[in-house]
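Take a look at this single chain in structure tokens; it is the form predicted alone.
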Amino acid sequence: MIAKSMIPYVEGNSAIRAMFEEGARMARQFGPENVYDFSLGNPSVPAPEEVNQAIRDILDEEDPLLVHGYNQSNSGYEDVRTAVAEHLNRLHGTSYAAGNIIMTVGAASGLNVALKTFLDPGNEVLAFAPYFVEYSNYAKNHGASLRAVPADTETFQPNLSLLQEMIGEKTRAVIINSPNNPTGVVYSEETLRELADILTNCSQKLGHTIYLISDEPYRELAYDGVKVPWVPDFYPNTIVGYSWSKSLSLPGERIGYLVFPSELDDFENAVNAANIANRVLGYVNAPTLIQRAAARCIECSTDIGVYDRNRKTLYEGLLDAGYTCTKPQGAFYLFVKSPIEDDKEFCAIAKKHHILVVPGSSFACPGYVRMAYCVSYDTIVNSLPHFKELMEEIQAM
């Protein structure tokens, strides 16, 4: 019998993965060209050729014991962390060094390392709905619980008035994600300033630091000239989690990093604890070959123009078919209002039209559905008549 603690995880298995697996089954049955799968945020743009060349060069040029061995530090290679720090300094005018960076096994492990560093059993984490489905499980991994701050469905900016009401003695961390999965919204400077003021004041009143964890795997995926603010500029007790999964189309390589600003309360203990957390959680250190490749490709990026064309085509096509949604500023998702109250029922009806989307209730925001437009352009174009037929069926109900 499995552990009792795992039963809720099994029962609540990710709707995104379940839908993706359903898409694979339907593709075998009906042909992949006849299935419009918008379920999984899996990059559809290849990694830049520079990444492939960097890997070949590293294998040819560098000491194989270095390339394939354990790191001396669980933080990762010092020269790689220095490259990351200098890159961030160029972008944001910061003064980071290798000691501010911990290399991680993608963004997911980074979030778990950060939460392991700061959470005790019984603590609470707050996250703004809609949020990535796994955040709740990550908090549970460390004996804490996650509470959802209800969504502001007018703007999908963080609902700060409700946040202030929900912060209490047990609150230890707040997670934000911008550009946001699933809405594509970028949190504004005004929002971040107000959020910082709330967290500063509440930390002082409670007598303990409330840490802000900024999950940023979509940082480079922003459109129409929108700038993604650097969160530590607004709140010094911020830990930034990053991944190259989206910016370099490397989700399978599991490579990312955490940023611990020197201004962080109890900085040295926090970094030491995070290093230990990286080890005791089983990651040991980030994949060594890909660490070195990422350092060589740190100024590279994928062609987000492909995602931008998909974004515009799908957004305009859905509006034309009668759907309502917020135009995304970043990432590669559309968050669409369900034409019927029950978003799960809508997803079931959509499946009859060979359209696969994820219910907003999986992101703590029922009444909406998420569509990942990181698919081929043909999939976007060919799906639009089916979205119209789906809306016509809904309107006739």
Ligand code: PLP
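All residue numbers refer to positions in the sequence shown, first residue = 1. All values reported here derive from a predicted model rather than from experimental measurement.
FYI, the form predicted in complex with the ligand isn't displayed, but the following is about it.
**Q** Within 4.5 Å of the ligand in the predicted complex, counting heavy atoms only, one of 216-224, 192-200, 118-126, 160-168 shows up; tell me which.
**A** Only one stretch qualifies here: 216-224.
**Q** In the predicted complex, does each residue in the set Tyr135, Ser243 and Tyr333 place a non-hydrogen atom within 4.5 angstroms of the ligand?
**A** Every residue of the candidate spot has a heavy atom within 4.5 Å of the ligand in the predicted complex.
**Q** Check Arg296 for me: does it contact the ligand in the predicted complex (non-hydrogen atoms, 4.5 angstroms)?
**A** Residue-level check for Arg296: no, no contact with the ligand.
**Q** Would Leu318 count as a contact of the ligand in the predicted complex, using a 4.5 angstroms cut-off between non-hydrogen atoms?
**A** No, no contact at 4.5 Å.
**Q** For Leu146, is any heavy atom within 4.5 Å of the ligand in the predicted complex, or not?
**A** Flag for Leu146 set to no.
**Q** Does the ligand come within 4.5 Å of any heavy atom of Ser75 in the predicted complex?
**A** Outside the cut-off, so no.
**Q** Select from the listed residues Pro232, Gly184, Pro130, Gly106 the one whose heavy atoms reach within 4.5 Å of the ligand in the predicted complex.
**A** Exactly one listed residue reaches within 4.5 Å, namely Gly106.
**Q** So which of Gln291, Asn177, Thr238, Asn112 gets a non-hydrogen atom within 4.5 Å of the ligand in the predicted complex?
**A** Partner contact (heavy atom, 4.5 Å) among the options: Asn177.
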